[in-house]
Structure formats: C-alpha cells, structure tokens
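Shown next as structure tokens: one chain only, the form predicted alone.
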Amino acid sequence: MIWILFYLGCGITFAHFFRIQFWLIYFCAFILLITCAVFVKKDLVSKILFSCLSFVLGTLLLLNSYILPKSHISHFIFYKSDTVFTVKGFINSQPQLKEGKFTFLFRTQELEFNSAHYKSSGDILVYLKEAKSLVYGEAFILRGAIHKPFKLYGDRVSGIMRVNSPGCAVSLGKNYGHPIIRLSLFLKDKIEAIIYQRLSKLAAGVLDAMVLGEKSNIPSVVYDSMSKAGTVHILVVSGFNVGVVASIAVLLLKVLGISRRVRCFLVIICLIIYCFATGASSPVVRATIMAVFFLAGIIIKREADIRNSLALAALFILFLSPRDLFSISFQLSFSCVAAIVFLYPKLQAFFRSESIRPKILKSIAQGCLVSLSTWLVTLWLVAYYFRFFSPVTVLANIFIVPLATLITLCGFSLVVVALVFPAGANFFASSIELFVALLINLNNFFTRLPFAYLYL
C-alpha cells in the first residue's frame, strides 16, 4: 500500500506541473490495465506494470478533478459582474454567525439570470445579513450578485454571493441535508452548548478547538503564541481525539453487554458521526479511516497493520480529492503520523530508550523522541509555508502535549457527566479552567526564551 501511495502521489504531482491531454492518459491507463491482467502471474513484470498503472491513475485522478460538468456554476459567473442571479439550492455546511452575518456553503440546483433558466451544480459561499436562525440542509431561493473568488477558498467554493436583504432569501421549508451530517451537527451544537455554558469564554474556545476543531473563538494572541512555539497542533482535532471517542464508545457499549463484533460496528458509526461533527478535516478523516480499518480487522478477525492503514487512509482521501495532496493540512497530518510510524522506532533503537530505568524517565525520554521525530519531519513544511523556524518546539511539546491531553480528556468527561449527572460536571469544569490557564502561561514562557523562534 505504501508503494501504491508513492506512485499515485508521483502521478498526481506530475499532472500538477505538466499539461497533458486527458484522453491520452486515459488510453495509457486502459492499456496498462489490460497488460497487468495478462502478466499477472509474472512477479517482477507485474510489479513494474502495477507501479506504472498507479502512477498513471494518479495523473488521471488529478486531470479528472479539473473537468467540471456543463451545469457547474463556475461556467456562468465571472470575477467582476453586476448580473443579478436567482439561485435555488440548499445550505451545504453548518452556518456560522459572526457580526450579524451568516456565512455558509450553498449547493446550487437551479440558476436564473437575464430571463434564462438553467440547471446548476457546485457550491458557492454565501454571506447573508439579518437572517433568522439557519440550519444545515435548509432549502432556499437566494437573489443577488455572484462573482468568482479573488482569493483561494479551496476546491469546493466556485463563487461568492452576498445577500444584503432578508427579502432576497426565501426559505422553501424543505431539508435536503444528509441524515448522518444533520445528526452530527445537532450533536456538535449540543456539545458546544454544554462547553460554553460551563466554562469561561477563553477556556471554552480552547476546549472547543481541541474537542470539535472549532478555532473561530480562540483569541488571535493565543493562536499566534502557539504557532510560534510550535504547539498549535494541539488545537487541531486529530487521531488522539478519535481514539478518545472510540475508547468511550467501547467502554459504554461493553457495560451494556454488547458483543465484540457488534461493538466494533457501532463504534465505527460513532467515529463517522464524530468525523462529520468536527468538519471532516484531513487529520480527522485520516484518523477515522485508520480506526475504521483497525476495527474492521477485528470484525473479520484480521490483524491490522498501522503502515498499511496509514497508506489506505491517504489513498482514500486522494481518490476523493487528489488536490488535497498539495494542501497544508494533508501534508502536516500525514507527515506527523509517518514520522511517528517510521522515524520514531529508529530513534528509539538508536538512543536505546527501552533500557532506561525507572519507568518515569523512560516515558519522558520516549515523549522527547516522539516530539523530536515529528519536529524533524515537519520543520521543513513549517519553514516553507509559514516562514519561521521554532527550535523551542521539541522542549515545549514535552510539557504542552501532556497538558493538552488532560484538557481533552476532561473535556470529553465534562460533556458525558453533564448529560448524566449535571452537578458532577463542576469538578471537570474547574479542572479545565486551571489546565487551560496553565497551558497558556507555559506556552507564553517558552515563546519568551532566547531564540525560541526565528522568522525566515
């Protein structure tokens, strides 16, 4: 799986830098597929042919992602236009309210302008003023000007629409959203309500980022400080969070006496719901897929391999969206896990950390090596994208990561206890307030050290 991922990634990179005709690559893929079938019993030849097929498939995936249907809304709009559009569709993301303005993705279905009516597809980013509460999946007819974005919003956003009057937004009283996503966002709203009800604004904002990946309520000063110390990754929902959710689900289902196989199946459903609730970012999708493969291995009684699981997670994401290969989130997420999977065991063997006694020193040494391995792999990406270098990262993470772990565990405990026994939630709320204050002060201490970070 790792070699398939490597050649597929090379193919995507090749197509990104060189212009090639789609039909030519499609023809090559067809010929290679037939040739692989013919020489399937020839070990060396079949491996070479399959590597070539993986490369061509990667090229084909990226080229195909650039091909849009004729009904796609990007074919009807321009960078500058005063044309007024009437668009029918539904809200395709969780609406965000900030400064009296709702922001959301809108999946277009029908389009009307200049007295002409068209079928439409694709998402646009909508800014809607003075509206009442909005929900994911709600169907609307919107009226306003649409233009192509002047800055990068990702592959999903093809246009931007500003609706300045509530009269230009008419609800159709229908909901087209996917039931699983609706349930995920409903649970997210309930969890956030508990968090912001029980905690101060700062502590709630930090916990919201750690548990649900919502970073909009973190003060910019705090976020900037963590970026300089190289500890901002704790504000991203990752494999640890997925592991906590899986552990809690397994424990609750085990108490209910549910069999192991059924337990694994139900935990997979819980993880998928949690993935959608946190916005399905690359780290969460990667961790969810790896967990799903691991649990599926238990169901079919096969031992899971972490390297293959990591490669399968990357392949799954790239098959759905090959352009993610060039996104910062994808690169940092998989680089961190790859560093732990491949580099950390080498460092562990080199420094002989297994022979260290007592156990507490062994745990500290292994924590240092994990931090060092991820820092060595990701420092090049951080330097390239963010133009700064943080030598203090390894030292800071030795203290910050365990503290962030405590905050995350207390956060999940707060939510569960608040639902079952509200009076007992005060203990976890107080603990979170203390740990968040300690985390921010510790992080500020590390950023003030000499040569803690350098701008490039």
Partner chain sequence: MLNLTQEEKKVVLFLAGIALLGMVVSFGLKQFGAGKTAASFSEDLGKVDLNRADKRVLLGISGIGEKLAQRIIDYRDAASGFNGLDDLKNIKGINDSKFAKIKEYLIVK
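Residue numbers count along the first chain shown, from 1. Please read all numbers here as calculations on a predicted model, not as lab measurements.
In what follows, reference is made to the form predicted together with the partner chain, a form of this protein that is not presented.
**Message:** Which is the contacting stretch out of 405-413, 385-393, 426-434, 57-65, given heavy atoms within 4.5 Å of the partner chain in the predicted bound form?
**Reply:** Of the options given, it is 57-65.
**Item:** Answer option from 127, 223, 319, 326, heavy atom within 4.5 Å of the partner chain in the predicted bound form
**Value:** By the 4.5 Å heavy-atom cutoff, the listed residue in contact is 319.
**Residue (of 298, 266, 356, 141) lying close to the partner chain in the predicted bound form, criterion heavy atoms within 4.5 Å** = Looking at 298, 266, 356, 141 one by one, just 141 meets the 4.5 Å heavy-atom criterion.
**Asked** Would residue 17 show up as a contact with the partner chain in the predicted bound form if we use heavy atoms at 4.5 Å?
**Response** Outside the cut-off, so no.
**Request:** Spell out, yes or no, whether the shortest heavy atom distance between residue 116 and the partner chain in the predicted bound form is within 4.5 Å.
**Result:** Yes, contact at 4.5 Å.
**Asked** Does residue 30 reach the partner chain in the predicted bound form if we count a contact as any heavy atom within 4.5 Å?
**Response** Because a heavy atom of residue 30 falls inside 4.5 Å of the partner chain in the predicted bound form, the answer is yes.
**Request:** Please check if residue 365 has a heavy atom lying within 4.5 Å of any heavy atom of the partner chain in the predicted bound form.
**Result:** Residue-level check for residue 365: no, no contact with the partner chain.
**Request:** Scan 29-57 and write down, in order along the chain, each residue with a heavy atom lying within 4.5 Å of the partner chain in the predicted bound form.
**Result:** Going through 29-57 in order - heavy atoms within 4.5 Å of the partner chain in the predicted bound form - the hits are 29, 30, 33, 36, 37, 40, 41, 42, 43, 46, 47, 50, 51, 53, 57.
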